[in-house]
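Heads up, the chain below is alone and in the form predicted alone; it's given as structure tokens.
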């Protein structure tokens, strides 16, 4: 019997509401005390094309949502059986909605898979008068087959819909659940061994998307202004803050385009408000000129970038990590900025707070770089990991009126861009008496006035470089790169962002086979912690760099700052799907076969 360890996929058509099945099952399993991770695979069109949601559940923490194989497939049509049949493990299960096609053709039948036929749409339409409620009929069928407690499941469904839609909708969904359950009980002979039961004394968790964690982190960090243009996969942040920011005296602007969005945010930040903008690759392209402006006039701003497949419109709803070069180097001239990358939902929350502190402390744009997998999927997170305890707000050299008065009295004037040892100048905001200064896009003197003097140009450029490459790098303020796994391992892995999940799972799986691996999770992508990076690579025989893009951008970034390129092995993927633990395990074994 396989108990409380399941990979379950719901597959239907975009726009038909079929993914509601996955959402409701996730809610049920979360309330039963199970740990969950999802992987949504949906097309960029609104309706019609196949779409699916994979749910991993266990009675212990899960790092990542997708594996190469799955245990259960709930397919609402035969097309989705054809698409996903090869993913099922031997002994796996298919629940097939045979409302339209009563039987599957021979080519879709595997001898090592259990099939259950249930007319989900027909039950919903003919018995309940509403075809779309087939999703909850399906939940009833699946719940029965998985041996779940009927009363407990019914209670969770009722509460789920009552909180959102009220008594009438809640009751109709409970009825749909019971119709599915009873159909399965009366017509389906359970042939498999999969069981899902409630976990006693389960650890309390949140089940949230990365985008939700970013939005909550922004509010806690004191963000009170966001201006963005809607773009997948970052839009949730804008939508959440549109609802929540006004409760804290904040403002949301849905801008007419990406350039306007970052310019509005730049204005708010210049005025002293903690501000942000959110986008993905195509939007980052349009925001790039203003990023240069922010570097030049030293205005703090948080730019949230959730990567997707490119170039151009590319794969709007699919994951990729191909905006790294753009995030680090995008723009004209020497425009250093800070780029940080969380690897899980907990880090998305805390590193959003870090981003606001870093932006103000170093008076620079900070890019919070994530990806579609982290942004739009949900993961179980311990309640104590998302908290306001320990949150610090650091505004750097932002002057009070008293401090500004002391500077003017002592020096006779306020120099906004004063050249300092650490490269960070005192900062005033509009409205402070004596704090007025010019903030434009040209090279300038210490007082902000435009200059082309060679000595001053060199001094100002050195100042801006110094605060990022020396002060910030040595300060301990930047998110620390973390080493996981086994210190004495001869094989190392380097990755960032969502690849943390499949790499961590691969390390666990390999360890069960007696294979030791260590992992450097890069959390500050720029400026690179060259010392820690070099020590990690030097301590291994070979290091696999996990690159979710075609041009090996992370590997190239590492090669810029590390000389011994022969130690690096590149593992690339750019087909629109994320890495799985199995892919990483296979590469590790391949490298081990010729090491030494």
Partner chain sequence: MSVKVKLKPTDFDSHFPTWCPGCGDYAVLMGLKRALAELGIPPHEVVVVSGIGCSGKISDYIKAYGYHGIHGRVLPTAQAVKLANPRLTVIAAGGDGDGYAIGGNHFLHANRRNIDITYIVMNNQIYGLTKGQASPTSLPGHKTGTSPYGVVDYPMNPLMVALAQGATFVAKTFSGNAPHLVRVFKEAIKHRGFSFVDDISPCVTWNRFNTYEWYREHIEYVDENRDYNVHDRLEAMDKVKEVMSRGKIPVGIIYVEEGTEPGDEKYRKLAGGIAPIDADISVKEEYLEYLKQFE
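Positions refer to the first chain, counted from 1. Just so you know, these numbers come straight off a predicted model, no measurement behind them.
FYI, the form predicted in complex with its partner chain isn't displayed, but the following is about it.
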**Residue among 399, 219, 515, 170 with a heavy atom within 4.5 Å of its partner chain in the predicted complex** = 219
**Item:** in the predicted complex, the one of 79, 438, 475, 313 near its partner chain [non-hydrogen atom within 4.5 angstroms]
**Value:** 438
**Message:** Is residue 431 part of the interface with its partner chain in the predicted complex - any heavy atom within 4.5 Å?
**Reply:** yes
**Asked** Taking 4.5 angstroms as the cut-off for heavy atoms, does residue 96 touch its partner chain in the predicted complex?
**Response** no
**Message:** Taking its partner chain as it sits in the predicted complex, is residue 325 in contact with it (heavy atom to heavy atom, 4.5 Å or less)?
**Reply:** no
**Asked** If you check in the predicted complex, is residue 215 within 4.5 Å of its partner chain, heavy atoms only?
**Response** yes
**Prompt:** Using a 4.5 Å heavy atom cut-off, are 253, 272 and 391 all in contact with its partner chain in the predicted complex?
**Reply:** yes
**Message:** Taking 4.5 angstroms as the heavy atom distance cut-off, pick the stretch from 464 to 472, 97 to 105, 255 to 263, 364 to 372 that is near its partner chain in the predicted complex.
**Reply:** 255 to 263
**Asked** Is any part of 268 to 298 within 4.5 angstroms of its partner chain in the predicted complex by a non-hydrogen atom, and which residues would that be?
**Response** 268, 270, 271, 272, 273, 274, 289, 290, 293, 294, 297
